[in-house]
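Just one chain is shown here, as structure tokens, and it is the form predicted alone.
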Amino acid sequence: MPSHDVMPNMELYQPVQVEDALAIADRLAERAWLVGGGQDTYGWLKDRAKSVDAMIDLSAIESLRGIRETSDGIEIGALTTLTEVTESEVIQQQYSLLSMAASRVASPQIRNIGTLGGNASQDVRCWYYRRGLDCYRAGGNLCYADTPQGMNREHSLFETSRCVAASPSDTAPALVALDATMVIQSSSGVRTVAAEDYFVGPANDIENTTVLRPGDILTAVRIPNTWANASFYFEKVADRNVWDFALVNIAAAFKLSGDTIQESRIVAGSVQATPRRVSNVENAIRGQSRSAATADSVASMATDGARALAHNGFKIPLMENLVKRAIIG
């Protein structure tokens, strides 16, 4: 039995320029692990659930930090801490959905170190997977959580192809709702990916939860002014108000004319391996009043296609009620 909470031996690289980090990442490929704040990484490595030969610590690269206003929105460096996102005046004033989401991550201590890029990109939560069992996601041929005896209270309702683990991120649903773009660099150059396409489910890729591949570095998140100053709603339901991951969270943005909904984005987290855009509800409420009557009429649509496991059926009414509360405001 491996000794937990003790870091394994590995090489450590601490570049101060993106170009150097890219060169190292390209050379080491799958042998290396990129680290920002490290809040998710160190648990994996200490528990020996994953192992690498080298760690590339990006924390000294100042160009990956900071919040910058652009001609069509803002750009946030991927290593910007969750505390900095929470306290940013421009984000609070124009894109408060993201600051609300960031403020609900874990605890103040973790938010002081954890980064936006790391929180959005973290791997799924499942104790079978995280304790090193050979489940589908770890290269095996069984989902231990999706069995009659499996413990799956925190797991997915949707898109459970071979894996029922859920995304734990609070910021990822907010980024999807804000139509964010993820900026990815590699030795081949720079590419951008819409946040909604950045996250991938188990039916498309059983081993990865984002489009990042060895040699890639998420360098920034761009948020367009499309949703600037919209009416926002974020709520997270967890067993405890601090530390815990969400049982379900909801991030929503509304463009209103009076009390009439012109356009909306409603995104749920922790109900599948990726943020879940509730598009059928968005379409149904377009042109409707933002009211309890509208919310009541569409709430059940939010969970169309949900498949409850043995212990997570409570997530269905929970998700429906969070969608209702978001619409009511």
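The model shown is predicted, which means the values in this text are computed figures rather than measured ones. The numbering used is simple: start at 1 and walk along the sequence shown.
What follows is about the form predicted in complex with a small molecule, which we do not show.
Asker: Taking the small molecule as it sits in the model of the complex, is Ile110 in contact with it (heavy atom to heavy atom, 4.5 Å or less)?
Answerer: Taking the distances in the model of the complex, the answer for Ile110 is yes, it comes within 4.5 Å of the small molecule.
Asker: When the contact criterion is heavy atoms within 4.5 Å, does Ala78 count as touching the small molecule in the model of the complex?
Answerer: Judged by the heavy-atom cut-off of 4.5 Å, Ala78 is in contact with the small molecule in the model of the complex.
Asker: Examine Pro168 and determine whether its closest non-hydrogen atom to the small molecule in the model of the complex is within 4.5 angstroms.
Answerer: Although the small molecule is absent here, Pro168 would touch it in the model of the complex, with heavy atoms inside 4.5 Å.
Asker: Quick one: does Arg222 come within 4.5 Å of the small molecule in the model of the complex, counting heavy atoms only?
Answerer: So Arg222 does not count as contacting the small molecule.
Asker: Among the candidate stretches 157-165, 122-130, 140-148, 67-75, which one is within 4.5 Å of the small molecule in the model of the complex when only heavy atoms are counted?
Answerer: Heavy-atom contact with the partner occurs in 122-130.
Asker: Of these, Ala230, Ile91, Val200, Ala106, which has a heavy atom no more than 4.5 Å from the small molecule in the model of the complex?
Answerer: Spelling it out, the residue with a heavy atom inside the cut-off is Ala106.
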